[in-house]
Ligand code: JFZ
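In structure tokens, the next block holds one chain alone, the form predicted alone.
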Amino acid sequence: MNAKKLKIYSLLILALTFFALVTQAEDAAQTTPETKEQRDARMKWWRDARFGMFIHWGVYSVPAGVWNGEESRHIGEWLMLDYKIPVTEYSALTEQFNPVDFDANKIVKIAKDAGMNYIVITAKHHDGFAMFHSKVTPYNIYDATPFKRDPLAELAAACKRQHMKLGFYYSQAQDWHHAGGAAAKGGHWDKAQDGDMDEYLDKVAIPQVKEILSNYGPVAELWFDTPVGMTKERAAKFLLLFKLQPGIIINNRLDSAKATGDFSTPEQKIPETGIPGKDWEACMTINSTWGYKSFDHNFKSTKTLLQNLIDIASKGGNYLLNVGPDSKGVIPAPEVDRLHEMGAWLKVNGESMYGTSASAFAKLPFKGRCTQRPGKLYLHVFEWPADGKLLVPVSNNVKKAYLLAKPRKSLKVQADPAGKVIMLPQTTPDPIATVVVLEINGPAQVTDEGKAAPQKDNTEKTAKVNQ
């Protein structure tokens, strides 16, 4: 080997060594445990937000819960599996999917007017159809439909304009369209679905998640689902992608053991005592389904939805409330109406929700809930006391009491052996929830009236407050 070739060879070895050292340093940084302070800083906006919009939208909005003239008894987005629809037959629905009335700016405004602070939309559900312009597979809204637009790109731009955080739902394991991705809950009924799961992950799911994390600006939250077959090793491949979005927050459904993720995900229920020591987000529907069903008119009342939000906040959780746009891209009017009414309440009482922490009390001597921040207790009264007296089980010195809707008018407070009694107006100011603020010195010193016997467990049980 002559001197020139030796020099080139040496430089090549040096470059490869440098690249290896940089890669090792990056990998080490990736695996360095996050400190509590770092985690708290990353999670702060999410913990303060309290209220977000979930959007389940896809090609399943075309049949709208009806197949061969039969109205499905199940949720709309599971139609393909429920009726074991062949891959080619279900894929043909894309020819009818043309959501010409989709307006990203309008949807973001609906969320903002509702008092929501972030949006999470389905980028790909279990039917395998991508609601974005994916280069990984042509089975996406841009290439496979007459629409020829990327709604996620439009939504990302609208969120940026209106200062709304945006996240994405992605079904990483269960995919009824692509070979190898249909392993869950009887998910094999068509030979087109047969295949190797690892090959599916490597060629479809992981590249698509990389697209989502690379092409749509800051991603606030990533919401995985049904992690059947998702071993620690398979999940690790996704974890490597998160360095593309260092501040991202993910749920606990990436791997089958639910060993990764930043928050727990009780679905369609509110844990009776919250989930102490953990961040959690209750995802719930306004009616009975996630994806659009034309005949589902079982809409919850504004009262129920608002009291759910209050209940969740009082237990330290977030409320991810779902809407299901139709095949034209429009959120049903009854859902918009309820969100507008929630926003009107939050415009007055938002201080008692955003940035607050869970209740200081294990129980309350009135029907309602409590949230707090240093020096303030927010008492959400669901039923106005007949005698006009509100007992608050604390022994602290009181600075002031007032209705949050009328902060300049002080309410009288009397001492009581069980705590403090606030003298309320005779009439109920708000039929859904009136917020009474009690300003106190120091952390809440709870009396026996606000304590309860120890719980046997803190598992996620269905709350009964609004059943």
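Computed from a prediction, not measured in an experiment: that's the story for all the values here. The numbering used is simple: start at 1 and walk along the sequence shown.
Heads up, the form predicted together with this ligand isn't pictured, but that's what we're talking about next.
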Q: Report whether the minimum heavy atom distance between residue 243 and this ligand in the model of the complex is within 4.5 Å.
A: no
Q) Heavy atoms within 4.5 Å of this ligand in the model of the complex: does residue 267 have any? A) yes
Q: May I ask you to check whether residue 315 falls inside a 4.5 Å heavy atom distance of this ligand in the model of the complex?
A: no
Q: Answer with yes or no whether residue 226 is in contact with this ligand in the model of the complex, where contact means some heavy atom within 4.5 Å.
A: yes
Q | Listed residue (168, 129, 319, 290) with a non-hydrogen atom within 4.5 angstroms of this ligand in the model of the complex | A | 290
Q: State the residue from 234, 253, 178, 338 whose non-hydrogen atoms include one within 4.5 Å of this ligand in the model of the complex.
A: 253
Q. Of these, 295 to 303, 387 to 395, 342 to 350, 74 to 82, which stretch puts a heavy atom within 4.5 angstroms of this ligand in the model of the complex?
A. 74 to 82
Q. Does this ligand come within 4.5 Å of a heavy atom in each of 54, 125 and 258 in the model of the complex?
A. yes
